[in-house]
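In structure tokens, the next block holds one chain alone, the form predicted on its own.
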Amino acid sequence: MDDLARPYRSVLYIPGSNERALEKAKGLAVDAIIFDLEDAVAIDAKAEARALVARMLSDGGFGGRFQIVRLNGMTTEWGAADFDTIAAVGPQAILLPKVGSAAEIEAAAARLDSIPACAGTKIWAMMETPQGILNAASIAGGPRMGGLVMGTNDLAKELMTRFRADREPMLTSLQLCLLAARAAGIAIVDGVYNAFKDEDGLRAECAQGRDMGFDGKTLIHPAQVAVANEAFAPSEADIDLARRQIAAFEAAEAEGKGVAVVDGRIVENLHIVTARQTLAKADAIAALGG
């Protein structure tokens, strides 16, 4: 499936050291999994987690779920071993933490280019530092780039912002990264919602992210999956409207007209592009089993 056509409604972080959780993920209704070797793994478990994730990727069984491995930073003592071990199994994507410049993307891409197993491996970047946000456009446009992941917890710490339900202190950073991703034609997923038992709060933040333009949301607990999947999927009303817009516009074109009217609103070609994207996303979700 093409990267942009693939749904990323729910992107679940799973500690790379937790074999039970990784096995359980094979049955979860998530669109993508981040096998985390960084923040979610204790220092004394780094090597074990690296070997476990490599083995599970080789064994497979994750179906159509997109598989991303978050490595430790290349400047850490674990980064190089993470890269070499994971690259050897040809992952779908690697996720680089705390990316600050396009040079980091270029260096990772050059290393992947020399590994035959990684011919199709994409690079994703964590956007979680002020430098990274300011360089978002060049990062997103780097070689092998497949997507951006908002690291809102680390970013909030770096910016010294306070938590607000409306995320107003974070909006500039979120929108700069959205602009960069859309300009580069790659995916972008929103940051995590920490209160995993607060379903109403999660639903509100998912709705905000969806309306801003994010493709989906990163999650920290399986209990959050259903809310994210619902929020970032086209509703039945969305699908019905898209179909009616396309039918009306095609009928107008057949009569030599450039616009149509649906529900009292003008429908032009730009609306048909959006309508077709809506139907394509619904089809892609259906192909993954809903």
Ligand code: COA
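Here the structure is a predicted model, which means the values were calculated and not measured. When you see a residue number, it is the position in the sequence shown, counting from 1.
Beyond the structure shown, there is the form predicted together with this ligand, which is absent from this document and is the topic of what follows.
In the model of the complex, this ligand lies within 4.5 Å of some heavy atom of Ile220. In the model of the complex, Ala21 approaches this ligand with a heavy atom inside 4.5 Å. With a 4.5 Å cutoff on heavy atoms, Asp36 counts as touching this ligand in the model of the complex. Contact annotation for Arg50: none of its heavy atoms lies within 4.5 Å of this ligand in the model of the complex. With this ligand left out of view, the stretch that reaches within 4.5 Å of it through heavy atoms in the model of the complex is, among 90-98, 71-79, 190-198, 113-121, 190-198. Annotated contacts: Tyr13, Leu28 and Ala40 all touch this ligand in the model of the complex [non-hydrogen atom within 4.5 angstroms].
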